[in-house]
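First comes one chain, alone, set out as structure tokens in the form predicted on its own.
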Amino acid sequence: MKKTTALLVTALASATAMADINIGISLSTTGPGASLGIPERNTVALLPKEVGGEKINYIVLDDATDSTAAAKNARKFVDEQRVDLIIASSTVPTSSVVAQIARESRTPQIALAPFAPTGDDKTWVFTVAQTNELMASVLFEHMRANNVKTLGYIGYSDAWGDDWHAVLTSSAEAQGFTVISNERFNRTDSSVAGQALRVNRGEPDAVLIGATGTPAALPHTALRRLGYKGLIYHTHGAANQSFLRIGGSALEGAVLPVGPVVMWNQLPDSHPSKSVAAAYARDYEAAHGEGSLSPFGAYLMDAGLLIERAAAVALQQAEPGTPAFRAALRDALESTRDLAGTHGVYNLSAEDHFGHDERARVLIQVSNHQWELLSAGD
């Protein structure tokens, strides 16, 4: 009788035990987006290990900055691994193909690039990176202060480049400037001399380069070699150490918006991201060396913080590994309020799956091969 009772208790305990929470992560750790994906991969070790007493497993795959590979990874996550959530990916094009699979499988996705889904995709996709509109707004403030009236543009020949050009052209009249060129290049191009020459001929007051990571340095250095003396702006996608190393002294004076984590040690103590960003920066650099901090790895850290809070809520409603848990996780993410991350404060809703405000941006410039704070987000 005692043996039967013991077996029954064991069986009941097994039946009620929660399964592990499984997270699939597809990153661009090789290819043109590697300078973004590598610090993201390095951050996996710093993510939350458990929530509510339940273990979190992270399954990490490389998508090589290739949309076909990213889609293949996402299929593997949902069909073979039965993950509860997908984090993907490092670039906008790779994030967008994963969104289609997230929607079809009804699996929540957190994008690390500023991918803005539309239609049904929006239901299942959340984005930790700041919107291009938010980051552009602080650039516009700087342009007005420096009397910029004509603006040249060189950007990627993909969704990132298209979106930044759209932001510029839709805001130009209201901001008091005219976009006088629209040159494009591919992420894998080794030269953009022709595009830079055409922009330089227009003699714009300033140029904005709509690119990310190390490729963003190409048009900048090409313009300086041609003798262009005006202001050169970049997007937040360019903010990493590889960009500084590749561009060298030609980048001096470049202006760009970034998340607060980049300048964590210069933020006022009142900034809500300072303590979170400081903790991440110290842990990351302790593992990877002084000066190794990247805002792209910090995006993954914020994804982990969002998952930690949402999973605590979802575990009260369903068991990991089930459609009900995935739905509960999605709903909990959408209900996130006042979560301080390394890149700002997240307030998500059905209408807003980015959740950022002006506290998610600071303006910096390149000075002596380092970042210099121009203004803190407020």
Partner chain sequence: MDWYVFTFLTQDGLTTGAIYALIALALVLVFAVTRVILVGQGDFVTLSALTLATLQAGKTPATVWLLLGGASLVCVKMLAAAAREGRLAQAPRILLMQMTLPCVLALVCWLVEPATLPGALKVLLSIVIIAPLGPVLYRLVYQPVAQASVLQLLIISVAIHIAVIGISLWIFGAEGFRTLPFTSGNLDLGEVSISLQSVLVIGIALALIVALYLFFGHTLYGKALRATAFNQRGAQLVGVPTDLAGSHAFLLAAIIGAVSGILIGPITTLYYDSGFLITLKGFVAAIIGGMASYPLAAAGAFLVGLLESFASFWVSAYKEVIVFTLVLPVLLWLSLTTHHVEEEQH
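Positions refer to the first chain, counted from 1. The term rigid core refers to the most C-alpha atoms you can superpose between the two forms while keeping them within 1.5 Å. These numbers come from a predicted model, not from an experiment.
The protein also exists as the form predicted in complex with its partner chain; that form is not presented, and the subsequent description refers to it.
Stretch-level contact check against its partner chain in the model of the complex with heavy atoms at 4.5 Å: of 72-80, 103-111, 269-277, 220-228, the positive one is 220-228. Checked against its partner chain in the model of the complex, the candidates 130, 195, 96, 235 yield a single residue with a heavy atom inside 4.5 Å, and that residue is 195. Put simply, of 147, 118, 190, 249 only one has a heavy atom within 4.5 Å of its partner chain in the model of the complex, and it is 190. At a distance threshold of 4.5 angstroms between non-hydrogen atoms, residue 122 is out of contact with its partner chain in the model of the complex. For the chain shown alone, residue 184 is a contact residue for its partner chain in the model of the complex, at least one non-hydrogen atom being within 4.5 angstroms. In the model of the complex, its partner chain lies farther than 4.5 Å from every heavy atom of residue 43.
Residue 341 falls outside the set of residues with a heavy atom inside 4.5 Å of its partner chain in the model of the complex. Scanning 78-93 for heavy atoms within 4.5 Å of its partner chain in the model of the complex gives no residues at all.
Once the rigid core is overlaid between the shown form and the other one, residue 100 does not reach a Cα shift of 2 Å, moving by less than that. Taking 2 Å as the criterion, residue 283 does not count as shifted between the shown form and the other one: its C-alpha moves by less than this amount when the rigid core is aligned.
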